[in-house]
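Encoded as structure tokens, the following chain is the form predicted on its own, with no partner shown.
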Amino acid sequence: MKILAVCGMGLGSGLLLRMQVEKALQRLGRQAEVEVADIGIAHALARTADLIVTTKELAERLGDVRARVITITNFVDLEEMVRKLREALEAS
């Protein structure tokens, strides 16, 4: 499974988002390749992703993508990340 963590610039917030996704996956007992992308290249990388994790605003800018998109309100809220990833993985 490949998860794309999308942020505005691909720097600090993208790294934080990736780390939170990895922690949530660990809690859920799941493994995945997690890649960080800025919004500029995210649409192209989304072609090979199974899940995309980002904010609502950036999800709207992504447009139509094949991967399921999970929107996160608070990047540092691990419980939100676990809950939303669990829901997405169970729906797959």
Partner chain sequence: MTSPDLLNLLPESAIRVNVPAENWREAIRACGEVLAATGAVDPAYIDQMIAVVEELGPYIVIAPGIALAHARPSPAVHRVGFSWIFLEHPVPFGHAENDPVRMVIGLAAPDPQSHVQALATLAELLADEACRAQLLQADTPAEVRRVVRLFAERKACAEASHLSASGGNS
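Positions refer to the first chain, counted from 1. Not measured: the values here are computed from a predicted model.
Below, we refer to the form predicted in complex with the partner chain, which is not included among the displayed structures.
Peer 1: Work out which of Val34, Leu45, Leu51, Leu58 lies within 4.5 Å of the partner chain in the predicted complex, going by heavy atoms.
Peer 2: So the residue touching the partner chain in the predicted complex, by this definition, is Leu58.
Peer 1: Heavy atom to heavy atom, is Arg68 within 4.5 Å of the partner chain in the predicted complex?
Peer 2: Residue-level check for Arg68: no, no contact with the partner chain.
Peer 1: Check Lys23 for me: does it contact the partner chain in the predicted complex (non-hydrogen atoms, 4.5 angstroms)?
Peer 2: So Lys23 counts as contacting the partner chain.
Peer 1: Determine whether any heavy atom of Ile39 comes within 4.5 Å of a heavy atom of the partner chain in the predicted complex, and answer yes or no.
Peer 2: Yes, Ile39 sits close enough to the partner chain in the predicted complex that at least one of its heavy atoms falls within 4.5 Å.
Peer 1: Using a 4.5 Å cut-off on heavy atoms, what residues in 59-74 are near the partner chain in the predicted complex?
Peer 2: Counting only heavy atoms within 4.5 Å of the partner chain in the predicted complex, the contacting residues of 59-74 are Arg61, Thr73, Asn74.
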